[in-house]
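In structure tokens, one chain follows: the form predicted on its own.
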């Protein structure tokens, strides 16, 4: 008998991404022409929810959006994929989150975010489904994440991005902390006594997983041609969480997360995460 899908709740942000593709990034004060512009759904919460859903999880998104025309556009991909949106709230007087993204020919990016309703996501808008794991990021208030963690005994993954000081209360409740190299340096001093797992991503050089001061897994990323790296960390976070909750050992879960992230950067936009079937069919360049 096929096992039931794991249930993942994502407490986080939803944005509409305005993406400008440029040959190179401008210097301060410089104007560059010839860019092309596209609109993509985004926000770290939405990205992670979609990535987990595409890997077969039953996913519930807990988020706040503006009562505006951008909300439906921002949620379009999640609606199509079957993410449960019953726990999303629409706030009068706020815009849906908006991200302005530059992407260079090398696939690197620079991002400016206007959080809108994401910043107004308070405990009073929070309603919790029963789930096996919660995933959260730092594009919403930490007090809301803490309230979600207290209201649910599920495994908690915290993606510490965008980087900011971490609440001790939140760290004490976190089972898996996901950071990139820059975020790892920024929050390193705050992790004294942290007992959970720490996944550190190194871009094209893969990732490591540590617990109790020792490395328990390390994986390389397959070589691919990067088109847009915007959502790679979100894909990695979701894939690692789903793998661990499904019962994969840390090494296998980390390898699958690195593969999923690598596939995601070959596609434009922040929501290029692969399905389980695409993972199985992948062949490196």
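This one's a predicted model, so the numbers in the text were calculated from it and none came from an experiment. Residue numbers count along the first chain shown, from 1.
There is another form of the same protein, the form predicted in complex with a small molecule; it is not shown, and what comes next is about it.
Student: Does the small molecule come within 4.5 Å of any heavy atom of residue 191 in the model of the complex?
Tutor: No, residue 191 sits far enough from the small molecule in the model of the complex that none of its heavy atoms falls within 4.5 Å.
Student: Indicate whether residue 111 is a 4.5 Å heavy atom neighbour of the small molecule in the model of the complex.
Tutor: Yes, residue 111 sits close enough to the small molecule in the model of the complex that at least one of its heavy atoms falls within 4.5 Å.
Student: Could you tell me if residue 199 has a non-hydrogen atom within 4.5 Å of the small molecule in the model of the complex?
Tutor: No, residue 199 stays farther than 4.5 Å from the small molecule in the model of the complex.
Student: Is residue 261 close to the small molecule in the model of the complex, meaning a heavy atom pair under 4.5 Å apart or at it?
Tutor: Result no; residue 261 lies far from the small molecule in the model of the complex.
Student: Just one of 142 to 150, 205 to 213, 72 to 80, 93 to 101 has heavy atoms within 4.5 Å of the small molecule in the model of the complex; which?
Tutor: Looking at the partner contacts, the answer comes out as 93 to 101.
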